[in-house]
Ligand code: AMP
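Just one chain follows, in the form predicted on its own, and it is written as C-alpha cells.
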C-alpha cells in the first residue's frame, strides 16, 4: 500500500487526537488584534477557512501565496492553510526591504502577498494581484466558511518555496516538497524527543525554513505552541515561566540574549532541569554551551543544515557515554555539528566540502535549473561548507567554501553587499568578509579602496539605502589595495585570516 506523505497528515492528526487541547497561543503584543487561543480543532477549522478564502479570491491550487510577517498565529495558519489544500506557500524574511521582496514576488509568481501591519507602509509599493495587510479586516477576506476544493495528495508536489541568500546577488527559491517537509519533521521531532507533554516557544522566525519544520512536528504531536513575536531575553524567560515551556529553537544570538537576561533574573531560572534548546545557524563557542548547562540548567542540542535540506542534516545531543565527563569536555563534544540524522548520508569531497544525501534535500531551485545542477551533482547535494568527519562519525564545520556570511542566524551574500558598494562612484575595489563577533557570531566587514575622501559612516548609510540593515557592513576598513592572485581574483582567505587568528574554526 502506498499513501502519499503530505502536510495534511499533521493537521488531521492534531484535529483527530488533540482537537480539544489548546494548541496555539498567539502573541499578545502585536499591531493586529491577536487571534484568540485556539484548540487544535479550532486551528484545523481556521486553516480550512483560509484555504476557502484563497479559493474565493480566485487563487487556484499550485498558485503561490507569499507572506511577510513576524511570528504570529496567522502565520502558523498560513503554513497549513496553503499547503494542505494544494497551494504553495512562500514565507519571506521580514527583514528584507521592498526591492528585495518585490524580486521574490515576481520570481515566485505569487498572486497574494500577506503583510504584517507593521511592515505595510514600507511594502505597499510592491506590485502583486492581492496585497493584504493581516488583521481583522483581512480575516474577513481570508477566513471563509465552507468546504474548499479537495486536493489530490501528491508527496512530490511543491509545498513551499523558501528563498535563501547564497553566493549570488539574488536569492534562490528552494522548492520543498510535501515529502521533504514530512520526513524532516518526523526525524527532527523524533531525535529531539518531541511529545505531547512538551510546550514549545516560537523564538525562531517561522519564515526560517518553515520554522525548521517544527510547526509540522509539533502540530502532529499536539504540542501547545506559544507564539513570540520578537526576540527579547527577559520576555523569553517570562514566557517559559508562565507557560511551562520545555522546548525552543534559535540562533546563537538568541542564546546570548537569554543568558544576559538570566544574569539579571530574580529567582530560579525558568525551565531549569526541564527545557531543551536547539541551536543552529552557526556553531556557538564552547563557553556558551557550558553556560547553557551551568547557568540555565537547560539541555543544549545543536543541529546543522541548510534551507536546501529542510534543514536537518546532523544533530549533536548529549549521550549517556558523556554523562560523567566534565562540563567543559562535554561542551567541546557538543560543539561539533553532530552525527548524521536518520536517513542522512554525508561525505567529504576531495576539496573538503561537506556533501549530503537524504529524503529532504531540495527538489530544485524554483525556475533555476542551472543552479540546481550546480548544487546537486552525481547524486549528492554540495553544501558549500568545508569540514571534516571524526572517527566517531561526528561532523565539524570548519570553514565556509561558499561566499556567504551567517550573522545572527541570517545568511548574507557577500557578493550582494559588494555589488551595492561597487555602485558608489568613489569605490574602486571592495571585498566583503565575515569577521568574528561575540553577539552575532559573525558580522559583516567591508574592505574597500576608494578615490577621494569619504567617511565610513557615509558608505554604511549608502548600503542601508539599498539593503536590509542586517546585511550592511558594521565596519568598513579602507585599504590601498586588496590581495589578489596573478589572474586578478580576490584572495579572500588571506583577507579574512588576520581577523580569525587564534580561532580553531573559520566560522563562528
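No experiment lies behind these values; they were computed from the predicted model shown. Numbering follows the first chain given and starts at 1.
Not on display, but discussed next: the form predicted in complex with ligand AMP.
The closest non-hydrogen atom of residue 385 lies within 4.5 Å of ligand AMP in the predicted bound form. When contacts are judged by a 4.5 Å heavy atom cut-off, residue 304 counts as touching ligand AMP in the predicted bound form.
Residue contact check for residue 164: one or more of its heavy atoms lie within 4.5 Å of ligand AMP in the predicted bound form. Not displayed here, ligand AMP is approached by residue 406 to within 4.5 Å at the level of heavy atoms in the predicted bound form.
Taken together, the three residues 73, 215 and 223 lack any non-hydrogen atom within 4.5 angstroms of ligand AMP in the predicted bound form.
Contact annotation: ligand AMP lies within 4.5 Å of heavy atoms from the stretch 274-282 in the predicted bound form, the single such stretch among 125-133, 182-190, 274-282, 90-98. Listed residues 411, 77, 108, 158 were compared with ligand AMP in the predicted bound form; 411 is the one with a heavy atom within 4.5 Å.
A heavy atom within 4.5 Å of ligand AMP in the predicted bound form is found for one listed residue only; from 245, 288, 253, 397, this is 397.
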